[in-house]
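One chain comes next, on its own, written out as structure tokens in the form predicted alone.
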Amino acid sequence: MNMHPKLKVFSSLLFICFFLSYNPLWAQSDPTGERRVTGTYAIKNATITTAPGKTVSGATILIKNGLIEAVGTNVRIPNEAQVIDGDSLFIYPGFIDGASSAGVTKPTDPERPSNFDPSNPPDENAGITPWRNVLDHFDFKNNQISDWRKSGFTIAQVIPDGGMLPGKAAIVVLGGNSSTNILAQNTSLGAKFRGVGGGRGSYPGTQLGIMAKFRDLYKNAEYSAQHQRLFASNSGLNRPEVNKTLEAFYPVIDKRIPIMFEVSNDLEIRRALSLQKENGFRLVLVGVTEADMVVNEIKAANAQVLMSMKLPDDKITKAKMDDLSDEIKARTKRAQDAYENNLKQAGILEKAEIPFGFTSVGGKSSDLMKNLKMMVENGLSENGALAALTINPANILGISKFAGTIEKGKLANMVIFTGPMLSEDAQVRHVVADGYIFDYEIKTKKAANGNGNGENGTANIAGDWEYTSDTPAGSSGGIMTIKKEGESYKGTITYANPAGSGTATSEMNNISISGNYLTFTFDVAAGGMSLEVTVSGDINDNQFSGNMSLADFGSYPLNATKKPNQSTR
């Protein structure tokens, strides 16, 4: 069996074992969710937010066989129910990811035929595979899923990876690892302003080429569907040609499913809206970041919106302006203004009365609450933030009849915090998905008392850290060396050489420490490719617990210890 090149690389990278497992603000006591509520279960005297703006104190929620049986202040608890005291718990509807790539792998690129014509390539070579089902390339056991579930997500619409038309999405509940988690298949058709590998010199290799190709496919699909209907009801007509690319458009033409267009800026939003106006399909804009430029156009088109959870890096806000030239100062100021404007996008959509959800594509689960708080500080209401995680994506995905709020008869999907969701010290205590309970122990935050902490309670990360990590390939380790330079940090990390001999070293990039929370990235060269690795985790008493994640391959545990006499380096 031939292994995909990236999988070959990752097989080698497993021996690097730098994957730093995320040991978040809470550690797991039952992260597998093996316990499913098959009988009757009650959480009493909790503060329950059944929907944005609707909160009941001292309430009880009754769950039976994975469904919500009752919720309120006068719920009768049957004798057979298992009871949890919820005096200090805050319960919210389970979060819904409007578009997710967690657990999804990219299909192997097809080989070019010997008679390959770059001006008219076969559909698969052009990134046109609308017939694909994302579930054929989805793994419920992928660690990325457990990472997002730790943050409170209980349902996700998973979208396929690929080129211009990568395939159809599906909606899954993040409960047990079985096919019963599939809520709906072929729920939307994915689309991007991107071909395979940027086009590789073949058509359609540009955004304008993609638009032209899309128009051509859509019109031909309309003609094909019309021919199919006429053939079925009339005699004397030629039998329609079977074309799986065109047939994949039929449910879009009939408006049974929308097209989910991934967009990265206001120009791409305008182009997607233009295609919708020409052809009349239902449209969901995915990954929106520059909505302020096209708010009126989005409203006029009645397009639905999934905002990116990802926010830009805030390093530009910390730039020292004193010694810069006037030109560089002007550029820096424009970048700072753009950063500030990005934080306001969610509030702008809410003010414009455009209901929106979130997509996790490109984001990190560990950044969810931090980014939500930043959006709220910049104009988004707290009810708007909760709506974007619950009821709005439920409406966009068409699943509001069984998800999005806490009501009798809906799926037992909820996230349970130790405090109000956006409060400073709130931590996830339980996540219930499809009646499966995932428990997380609460981690007590330590005040700065000289135990490896610097000024203002920020962990002192400068020094040499010896780490070990565990992956399916075994256990190994290396050294992280971090130095402070002014207000920033630089560092290197060593790991087992993927080439098979000795160790290799990589620069640590984007090093950031917030309180005791450390994040950074680094690149690994292996198999002729450069892969970016993201590291995040907590530091306490010169001990690091975190995770390292690589797109498509999940996260793996790593623990590190700072070497002695390094605290003031």
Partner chain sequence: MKKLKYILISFLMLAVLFAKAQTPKGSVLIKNATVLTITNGTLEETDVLVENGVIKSIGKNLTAANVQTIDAKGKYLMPGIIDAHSHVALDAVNEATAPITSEVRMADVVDPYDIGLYRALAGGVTISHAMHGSANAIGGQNITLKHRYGSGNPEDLFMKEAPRTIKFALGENPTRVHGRGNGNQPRSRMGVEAVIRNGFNEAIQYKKTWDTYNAALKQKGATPVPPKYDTRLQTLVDILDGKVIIHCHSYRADEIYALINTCRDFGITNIVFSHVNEGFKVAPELAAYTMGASVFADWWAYKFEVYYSTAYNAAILTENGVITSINSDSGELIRHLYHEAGKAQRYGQLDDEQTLALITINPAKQLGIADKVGSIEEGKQADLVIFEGHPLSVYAIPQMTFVDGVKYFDINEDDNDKRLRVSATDIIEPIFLKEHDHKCMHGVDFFFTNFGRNLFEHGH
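Just so you know, these numbers come straight off a predicted model, no measurement behind them. Numbering follows the first chain given and starts at 1.
One more form of this protein exists, namely the form predicted together with its partner chain; it is left out here, but the text below deals with it.
Residues of just one listed stretch (490 to 498, 101 to 109, 79 to 87, 292 to 300) have heavy atoms within 4.5 Å of its partner chain in the model of the complex: 292 to 300. Interface residue among 245, 418, 342, 125, judged by heavy atoms within 4.5 Å of its partner chain in the model of the complex: 342. Taking a 4.5 Å heavy atom cutoff to its partner chain in the model of the complex, the contact residue among 408, 483, 256, 334 is 334. In the model of the complex, residue 151 stays away from its partner chain, with no heavy atom inside 4.5 Å. Interface membership of residue 167, defined by any non-hydrogen atom within 4.5 Å of its partner chain in the model of the complex, is ruled out.
In the model of the complex, its partner chain sits within 4.5 Å of a heavy atom of residue 203. Contact check for residue 118: a heavy atom falls within 4.5 Å of its partner chain in the model of the complex.
Contacts with its partner chain in the model of the complex, taken as any heavy atom within 4.5 Å, map within 261 to 281 to 266, 267, 270, 271, 278.
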